[in-house]
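Single chain ahead, written as structure tokens, the form predicted alone.
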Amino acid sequence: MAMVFSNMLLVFSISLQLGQYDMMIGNTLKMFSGNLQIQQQDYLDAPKMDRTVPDINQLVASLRQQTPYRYAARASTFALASSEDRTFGIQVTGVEPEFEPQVTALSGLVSEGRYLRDGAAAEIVLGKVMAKNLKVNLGDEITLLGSGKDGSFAAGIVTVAGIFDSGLSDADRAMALVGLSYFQDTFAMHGDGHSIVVSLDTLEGDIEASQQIQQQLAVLTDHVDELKVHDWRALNPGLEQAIQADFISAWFMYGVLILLVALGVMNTQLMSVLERTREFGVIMSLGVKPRMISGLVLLESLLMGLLGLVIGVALGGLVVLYFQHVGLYFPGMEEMAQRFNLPDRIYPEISLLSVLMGPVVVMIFSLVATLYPALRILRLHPIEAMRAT
């Protein structure tokens, strides 16, 4: 029963944890980065203005026709944003208003005004903190000063069309969106861009999608050697490291549970050996060798472990399937989910890894814990054993 309960708990806990990771990754990618990005091969390590994707408008239009994924072209630079009273540094990102909402959730975070409508219009959507710092409201004008791709002086005046509130102070303080066409004209991009964001339906298909897109790039552009498809791990290295650290720390808790079960099994088997010492002495006097009795005790533990594994996995799997269907709701999640356009429930991930990882470890530790009682049998002598009380 101890093994059944621990296996059921491990199956549910690990499945829920993996489901949380999928939700965390999906929400992070949906916020801004997307599942994949096509960039100039050195741009990710050193995002310089001249490291561009040539003819990005034509390339992204061709990719939409050739592959089933969702695409949005972008260009980005740092500039000075000036209002009547203040000036701050800001990251300006040119986006396609029609396609950007298909790959990210920023359009749904606009709390005042509206999202961009025309890529060529001189309008801007900026974060709530930046709007407060610049002391601007809807309809106010902001002057952008920066450098063009060719090193020329770039300047433009944009009107505040919307203000977004992502809940992330760094993003709300430093990020602003303008139309891609306006960005290209203002910063002398000549039809180029910096990134093509790719959105997928699931996380599992990123490798296949990356390979397929790389093959299409070889057909659609002569600059394929200069371009590289980055997956979400390369785009968000801190996210993957955080997940790995959290999973490792969770296994300390799981390890305590497994250790308690293993000690319980060892105690049960040790008591079983001590209680049957006289019987062991009798059958040893009839010619049964100690190693055969020791093997019998190990077989008992193996059968108990298998039985606990099967029943625990079955019960844990049923619990996971139930919550995978209805989801697991925590108080307060609904309001946060609506704010950030996220799901309000956590759905456990059921897979061969999540179902068998914990129970298999429990069975192995249980067998290891049985070695001590089994080794005690090897030191038994028939006469001494039959005198045991």
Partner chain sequence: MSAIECLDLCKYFQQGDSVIKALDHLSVAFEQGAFVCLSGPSGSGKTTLLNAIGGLDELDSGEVRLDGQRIDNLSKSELADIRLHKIGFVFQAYNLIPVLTARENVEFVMQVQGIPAQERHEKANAILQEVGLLGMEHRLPAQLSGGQQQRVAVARAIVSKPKLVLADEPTANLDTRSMEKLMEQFVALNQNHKVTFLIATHDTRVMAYAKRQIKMVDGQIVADETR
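Remember, it's a predicted structure, so these values are computed and weren't measured experimentally. Numbering follows the first chain given and starts at 1.
The next section is about a form of this same protein that is not shown, the form predicted in complex with its partner chain.
Trainee: Of these, L270, A171, L239, I283, which has a heavy atom no more than 4.5 Å from its partner chain in the predicted complex?
Mentor: Here the answer is residue option I283.
Trainee: Just one of L16, L380, L9, L371 has a heavy atom within 4.5 Å of its partner chain in the predicted complex. Which one?
Mentor: Going through each option in turn, the one that passes is L380.
Trainee: Would you check, heavy atoms only and a 4.5 Å threshold, whether P290 touches its partner chain in the predicted complex?
Mentor: It does: once its partner chain is placed as it appears in the predicted complex, P290 has a heavy atom within 4.5 Å of it.
Trainee: Taking its partner chain as it sits in the predicted complex, is E279 near enough to touch it, meaning that at least one heavy atom pair lies within 4.5 angstroms?
Mentor: E279: contacts its partner chain in the predicted complex.
Trainee: In the predicted complex, is there a heavy atom of its partner chain that lies within 4.5 Å of any heavy atom of A2, even though the partner is absent here?
Mentor: The answer is no: A2 has no heavy atom within 4.5 Å of its partner chain.
Trainee: Name the stretch: of 126 to 134, 290 to 298, 184 to 192, 225 to 233, exactly one has residues whose heavy atoms fall within 4.5 Å of its partner chain in the predicted complex.
Mentor: Looking at the partner contacts, the answer comes out as 290 to 298.
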